[in-house]
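A single chain comes next, written as structure tokens; it is the form predicted on its own.
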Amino acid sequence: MNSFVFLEKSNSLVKKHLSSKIYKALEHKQTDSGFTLEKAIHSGLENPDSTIGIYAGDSQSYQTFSPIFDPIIQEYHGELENLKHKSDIRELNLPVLDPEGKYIQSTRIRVARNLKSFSFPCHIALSQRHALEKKIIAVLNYLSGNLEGNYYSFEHSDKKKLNQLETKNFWFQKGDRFQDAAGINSDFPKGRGVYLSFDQKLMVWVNEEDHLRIISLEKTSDLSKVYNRLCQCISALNQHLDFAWDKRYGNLTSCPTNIGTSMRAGVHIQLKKLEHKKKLLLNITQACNLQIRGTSGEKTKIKNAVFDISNRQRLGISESGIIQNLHAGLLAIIKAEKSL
């Protein structure tokens, strides 16, 4: 495979599915913005412990390099024959899961979005990144009511204020080595920033792994309230921005694991009894298409019996479907915790 040689210890999906035949068919292709197969798989080549190992440089990547993206998507998201992604972003009215706050400490729901007319973060030039930031800030200024807030540029804002945001985890950090090898960290922190609502319950990260990372959060178990706030923000942004979308794969993101709804909805929940019955907890989460992560996220440990539990499925399901699944799963988990 010429210079594209994966290390023997690599178990990434891109290594598994990039045969010599597919490589030869794609090696000289590029999207209209000049994104190539070499750039797409660079992170996977540099990091043999990559799980996926491929990134999209623009919305066209998913079509131009479909012989490699499609099988990776099929394996990661499951068999999805005759897929036609259906979005369903509508407000819900679900019972509060834990009104006394005995178990659920916080709720957080986020989605990713990329603009159709710009290259994605691993392939975008600095001039385009600044133009994109300017366009997004102008639209964020339209947000009103409980969504109204301020934008903090990492490049130009007061350092003291940025340090306060970082302390409260409102400021996203430079990407990890996987993102760095993909090119996502280029020119950091230029063209990056965070929009924060005055009540600090809505964040919009600009030019992180995707153009926009829209996050609704609060320290309650009111899943509907957190979700409905996110719906309001998405609806407002949709009026002014044209997002990258595919009829099969829904919202197109830098990493193919996030396509579809691009949603991660989850809670921090303390389960002192189920911590000692992890097989039972795993059975409940798997039955409801949920996943368990460490207290501080993926690949971290459980601290003080606090679990991060969120949706596992993002493609082949609607946004409202994810929230309803999560609600049902958390009810079952709390019931099990109480019964032990």
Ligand code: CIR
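Throughout, we count residues from 1 along the sequence that is shown. Computed from a predicted structure; not experimentally measured.
Quick note: we don't show the form predicted in complex with the named molecule, though the next part is all about it.
- The stretch in contact with the named molecule in the predicted bound form, judged by heavy atoms within 4.5 Å, is 49-57, chosen from 62-70, 304-312, 284-292, 49-57.
- Not one of I136, E148 and S197 places a heavy atom within 4.5 Å of the named molecule in the predicted bound form.
- Using a 4.5 Å cutoff between non-hydrogen atoms, N228 does not count as a contact of the named molecule in the predicted bound form.
- Within this chain, V206 is remote from the site of the named molecule in the predicted bound form, having no heavy atom within 4.5 Å.
- Interface membership of F243, defined by any non-hydrogen atom within 4.5 Å of the named molecule in the predicted bound form, is ruled out.
- Using a 4.5 angstroms limit between non-hydrogen atoms, N258 touches the named molecule in the predicted bound form.
- A heavy atom within 4.5 Å of the named molecule in the predicted bound form is found for exactly one of F118, F172, F178, F154: F178.
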